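Taking the form predicted alone, here's one chain by itself in structure tokens.
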């Protein structure tokens, strides 16, 4: 059974989900030496933000297949080192979208009405109504730096407050922004026009100190800034100077360069509102974080492609319902091709038909590669390292999208070009279940699961009965049977689904039958 090490506290619902699919050990407050000593025993590691998953830690995980981060950011995980080892890194990026967005809106209103300062004043026994003159957010311009999952949720709420919303995000489409009633502008224009700027980008090298002295000086004088994303994006020394000069009217911070921010000069500043990194701290977000990371970890341990894999292709939420079942089908078609095509393959061709032609199929391609390579290499193949292994082996794959899918909603087609011609495998999804409808050029229809028995034979009367008799007399039970043929009394393929694999001695008896060319068992 797979073993999972959890080093930090996650929601009970997430822990229960992990325990339902694996053996789980919760060891809180491990130091580095203890973690390095324990990790070789585990297949998965689940952390939050405190555990540093360095290259050294990853190297110690001899069995490690997945690292789960119960949260959004993965700056405490060496993703590059994990990728080189074929280890999938999963997080829970969608779980705290609403929580962080609501905090940003709350901080916006706090800045506008000085709510924390007014609260402290009353608590101190004062009554200073004239001191806390605020301003209305209605009609003001909010600039969003970053328009991903959280930024778009902030925009939705800000529009409800009758604010005009701008965004700067190099990869956002004008169409998507327009759906939210948001205007896409350049960074300089956003700085010059915004009354309040809210930051929603990750901390990477290109965003470190993004708001330095120069950018703060380009903001509208007296404007306000909110950072509920990551510490390090705002230059704290430059922000303090801008606050003291009046260039910045106020700031609301949930994150800091160093946490906790001991000795930080922004703490206690009369025009700075501070919270202790509580963006994701809602009961709902914590439950979702735990269950989302558990789902991703277990999916990786099962050999699948997790929905939120950091170092594998991201699948947009609106496309996931289409893509997800084809990931399983892709691995099955790839593995089946490798089992049935025993001669060298010059190249592979992938075709995405019907509903598949309208979505991003990068993840499906990786799933097919994973299936093709898995039965033939002596290392673990994941969607992370499949392209590297394929490149090392000189595997060439071309792709084609076709909106026509004959009588299927969607069809995944894999063609293997050999010296003897093209070998074709096709599959579809019916009621969320994989179906192989073409195997090695033969039209069939079977569910690729469990023990599968294949024969290549000449189509002759009594063939099915003879094979069935041999299996039955050796206590091998048949649960399904499918036959495809090129023409009457010509070459044919028989596919039997078995309750258990047929012993090799039984296969030898079948291979000895007249007109049987090949017979073997495959487990997908």
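Positions refer to the first chain, counted from 1. Worth saying up front: this structure is predicted, and the values here are computed from it rather than measured.
Just so you know, the form predicted together with nicotinamide-adenine-dinucleotide exists too; it's not on screen, but the next bit is about it.
Handout entry: Every residue of 330, 350 and 450 near nicotinamide-adenine-dinucleotide in the predicted bound form, heavy atom within 4.5 Å
Key = Checked in the predicted bound form: no contact with nicotinamide-adenine-dinucleotide for any of the three.
Exercise for the section: Go through 322-330, 229-237, 405-413, 356-364 and give me the stretch that gets within 4.5 Å of nicotinamide-adenine-dinucleotide in the predicted bound form, heavy atoms only. Expected result: Single hit among the candidates: 229-237.
Exercise for the section: Sort through 149, 271, 159, 423 and report the residue having a heavy atom within 4.5 Å of nicotinamide-adenine-dinucleotide in the predicted bound form. Expected result: It is 149.
Handout entry: Answer option from 374, 250, 279, 304, heavy atom within 4.5 Å of nicotinamide-adenine-dinucleotide in the predicted bound form
Key = Of the candidates 374, 250, 279, 304, 279 is the one lying within 4.5 Å of nicotinamide-adenine-dinucleotide in the predicted bound form.
Handout entry: Exercise: residue 201 in contact with nicotinamide-adenine-dinucleotide in the predicted bound form, heavy atom 4.5 Å
Key = Yes.
Problem - Exercise: residue 337 in contact with nicotinamide-adenine-dinucleotide in the predicted bound form, heavy atom 4.5 Å - result: Answer no; every heavy atom of residue 337 is more than 4.5 Å from nicotinamide-adenine-dinucleotide in the predicted bound form.
Handout entry: nicotinamide-adenine-dinucleotide contact at residue 96 in the predicted bound form, heavy atom, 4.5 Å
Key = Close contact exists here: in the predicted bound form, residue 96 approaches nicotinamide-adenine-dinucleotide to within 4.5 Å, heavy atoms only.
Problem - 4.5 angstroms heavy atom contact with nicotinamide-adenine-dinucleotide in the predicted bound form for residue 394 - result: Residue-level check for residue 394: no, no contact with nicotinamide-adenine-dinucleotide.
Practice task
For the stretch 240-276, return the residues whose heavy atoms include at least one within 4.5 Å of nicotinamide-adenine-dinucleotide in the predicted bound form, in the order they occur.
Solution key: Residues within 4.5 Å: 254, 255.
Problem - Distance direction in the predicted bound form for the C-alpha atoms of residue 322 and residue 153, relative to the displayed form (3 angstroms or more) - result: It is closer: in the predicted bound form, the C-alpha atoms of residue 322 and residue 153 lie at least 3 Å nearer than they do here.
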